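Included below are structure tokens for two forms of one protein chain, each presented in isolation as structure 1 and structure 2.
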Structure 1
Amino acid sequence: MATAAEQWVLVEMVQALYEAPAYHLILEGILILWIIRLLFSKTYKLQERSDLTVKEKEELIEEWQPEPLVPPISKDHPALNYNIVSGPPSHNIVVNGKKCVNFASFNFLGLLDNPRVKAAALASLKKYGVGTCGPRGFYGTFDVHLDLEDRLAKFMKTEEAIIYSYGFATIASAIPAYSKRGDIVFVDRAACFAIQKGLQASRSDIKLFKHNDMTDLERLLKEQEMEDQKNPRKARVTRRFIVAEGLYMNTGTICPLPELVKLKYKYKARIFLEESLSFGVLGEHGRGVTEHFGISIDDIDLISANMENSLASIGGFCCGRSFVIDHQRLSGQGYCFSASLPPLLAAAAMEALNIMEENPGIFSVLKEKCKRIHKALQGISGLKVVGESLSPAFHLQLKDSTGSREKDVKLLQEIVNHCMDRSIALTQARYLEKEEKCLPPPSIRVVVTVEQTDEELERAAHTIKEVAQAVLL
């Protein structure tokens, strides 16, 4: 019975072979021959070569020069010739043994050497020790961490907050936690280096718009909208983000947040706001650029800031809705893999936050001092002031470049050195020139704090003007 069935199948196969079109048979024949060739052919061919003698090998080895591990660096490079600070970099700073008024450190609210902050840190040091020796998920979560996160969330009027042990890593970890390959990020050309590293880690499609130019941003958003209409299936799974700074580190200018929010809703994008300079500076209570413009915190998808400026501590935080923040606890690399913030620094940040809440008038004092020195520095020979009058960190750039970045840097450094000799501590803005996406021009950064007196502000402005005139004219 089985044999008859097999014969019948064979007859059907032969019949199907006769009935198949010719091109079909030719194609199958070619495929069979190609498979046979692949099975019996060698996967590689031995290349003919002539053996070298021992002497020839030695000559080749002697001639070979390895590529340098790092590019050559001049011994005069600023990174190799840094200034040495003795004591706390507070109102007055001792640099290379010389006492100066500090116009270089981001101690905006003067809390770095505050007795209450130091007492809170010392009490925490005695209770918890120096560090944590573990990430948050591996016995690195202390009660003081949870208290600080709760306080930050309440202060910023958000559902939840998360803290990082390194300020730079905060936004650099937050961006790739949400934006992945295939997503689109619209970012200001003046974005700080931490944002740039976060974008690089995300591997997203980056679209740069001109600094604070909402017309240019809308142009890019419209172009993307047209692309989405061509491929609606892809558009449904592509996320769009707008990344901006409250106060830009590289320019000292404030972002036009109301216009950004309008574009967010018009083109269905998410806003990430980096507020390291604006937190503890802008707004009636120091809550940043959202409070400054009267924008609801719910209109911003994620706010990031470091605690190394106004709070005079270390680390950073992100705040927003609970489901947004909780995702970082699983995906934020700086949170998951770095040792958690030392408890003494968390306690210091919390006490600094207490002082901010108890003394809201401190922010108007800082604003007035910023306006005062900004006005006093107008009309400097050869230099221009770059930045908002309400920014505590702004820049002095050359009005006319020499045409060489190296020469511009040397001229500005000469001004800094002469000011240091006259007890005014300034610094140049430093950049990784080969890494920056849009390298800013060389500049001297001026930082204002509430501790500086009106007399010191006037003296600093007068000194800078005199020195600039002597160096540049």
Structure 2
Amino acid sequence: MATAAEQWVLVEMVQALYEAPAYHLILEGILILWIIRLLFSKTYKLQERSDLTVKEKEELIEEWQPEPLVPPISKDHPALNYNIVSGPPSHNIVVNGKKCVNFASFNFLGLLDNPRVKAAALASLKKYGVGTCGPRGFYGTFDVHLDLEDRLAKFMKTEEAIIYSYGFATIASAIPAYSKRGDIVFVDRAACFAIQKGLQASRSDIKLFKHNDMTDLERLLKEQEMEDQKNPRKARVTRRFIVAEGLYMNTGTICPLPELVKLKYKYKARIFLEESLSFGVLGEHGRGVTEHFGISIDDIDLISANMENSLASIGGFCCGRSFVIDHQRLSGQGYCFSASLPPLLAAAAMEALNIMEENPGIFSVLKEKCKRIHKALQGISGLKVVGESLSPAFHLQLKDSTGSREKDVKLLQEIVNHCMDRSIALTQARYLEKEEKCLPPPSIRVVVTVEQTDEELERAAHTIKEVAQAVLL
């Protein structure tokens, strides 16, 4: 039955075809042809397929002139003429052939010249030689490294520590190990260059807040919260981090950690702290800014510091809970892909740590000295002291800028040179002006160490005062 019906329909259709007017058929025929054409022709033209001839190509190659690999540098560029230090860069230092008292190296605890540290390093040299000849994964892990990691973790009262062979690479590798593309990092505008590079490598979204301004940070966090409410699915996988420094290298100020921790829990963002300057300086036992504020280290997700300042060795470390730190052993680029720290440097850092533990008084001595010189440097005509009074590294900036950075730098350099002539070794804080996200104003960085006697501190302050007066007025 069904087939009969179908056949009937077919017959009807054929009949309709006969009956249809000619113009109709022609139109349909054209439409069908049009469809076929559309199907088989290219839908668009590949634009500007360059049909350069071989000769033209050769000419282009011939003509192209690259920029020079490096632009020429004028011979008298200030950065080309380094200060040359002969002999050890410790308390008494010979700079460009002149004997000075060192107010420039970050040797806060004076451990660079310590005989115990040297003896420990020497013992290590005798046993292990110098190099490790391999990354940690491939026989570059020495018992010394494990011991040092253990000691650092215990010292900081946390679960785990991981050491890097270069201070700069520590935070610069740690940040991209966690924060990836799409994650959000809230970072202080005054953050040091290593943090900036870490952030750049992470390719995360970066939100800068005003230096130490918690209301500004909260504003950004709130904005983000609103954003998250609009797109909760995305928010569930967007990690949030706050990156701050314990003691800011560029400003000499301390971060308001208690407020940061409050914001952390309120807005559920993890805190990474860079403590290169505050480790071995702040706190009763030198544990850094957490101890200074009496905050449990468990509230901070990751602390990173270098061993090049207070510990007067080379390298850096990160510490925190194993849940966080262990991840770097496979994801920290500077950890996985670099040769491990020479054992003698690890041994030196360990001995320095011992000395720190045995002499907790050293930190209050340092604080006293900081306060003393800080006070003595107040009221210099033309120069202002920037930085907290308990910071052993702080800045002297021009009160009134001349309007051009270049001139400011020249003026400050003149002060530095004159101080050097009067055997106080100082240096300007150096920056890569084009690379810095928020370039700090030019400044002289003064570094206090426990080795400087009160008399030397007074003399330094006095000298700076006099020289500044002579140069700036």
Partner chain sequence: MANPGGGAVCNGNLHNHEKQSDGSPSGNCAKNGIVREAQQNGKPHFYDKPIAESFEEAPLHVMVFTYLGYGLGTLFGYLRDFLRSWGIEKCNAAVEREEQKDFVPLYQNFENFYTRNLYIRIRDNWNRPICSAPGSRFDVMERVSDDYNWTFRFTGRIIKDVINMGSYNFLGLAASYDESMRTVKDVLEEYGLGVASTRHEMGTLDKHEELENLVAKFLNVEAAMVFGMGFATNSMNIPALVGKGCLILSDELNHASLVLGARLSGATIRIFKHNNMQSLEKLLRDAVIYGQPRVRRAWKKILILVEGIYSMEGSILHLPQIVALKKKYKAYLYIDEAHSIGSVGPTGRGVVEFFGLDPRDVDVLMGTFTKSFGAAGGYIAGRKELVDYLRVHSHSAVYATSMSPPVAEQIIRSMKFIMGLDGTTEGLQRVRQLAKNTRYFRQRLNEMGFIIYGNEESPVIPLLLYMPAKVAAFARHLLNRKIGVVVVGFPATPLAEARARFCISAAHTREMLDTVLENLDEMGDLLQLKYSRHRKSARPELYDETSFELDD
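This structure is a prediction, so every number in the text was calculated from the model and none was measured. Between two forms, the rigid core is defined as the largest C-alpha subset superposing within 1.5 Å. When a residue number appears, read it as a position in the sequence of structure 1, where counting begins at 1.
A.B. asks: Which number goes with the form predicted together with the partner chain?
C.D. replies: That would be structure 2.
A.B. asks: Tell me, please, whether between structures 1 and 2 the C-alpha of Leu122 is shifted by 2 Å or more, with the rigid core used for superposition.
C.D. replies: Superposed on the core, Leu122 moves its C-alpha less than 2 Å between structures 1 and 2.
A.B. asks: Superposing on the rigid core, does the Cα of Pro232 end up 2 Å or more away between structures 1 and 2?
C.D. replies: Stays below the 2 Å threshold, so no.
A.B. asks: Would you say Ser74 moves between structures 1 and 2, meaning its CA shifts by 2 Å or more once the core is fitted?
C.D. replies: Shift at Ser74: 2 Å or more after core fit.
A.B. asks: Would you look up how far the C-alpha of Gln65 moves between structures 1 and 2 when the rigid core is overlaid, in angstrom?
C.D. replies: Residue shift at the C-alpha: 4.5 Å.
A.B. asks: Rigid core superposed, Leu33 Cα shift between structures 1 and 2 in Å?
C.D. replies: That residue's C-alpha is offset by 9.0 Å.
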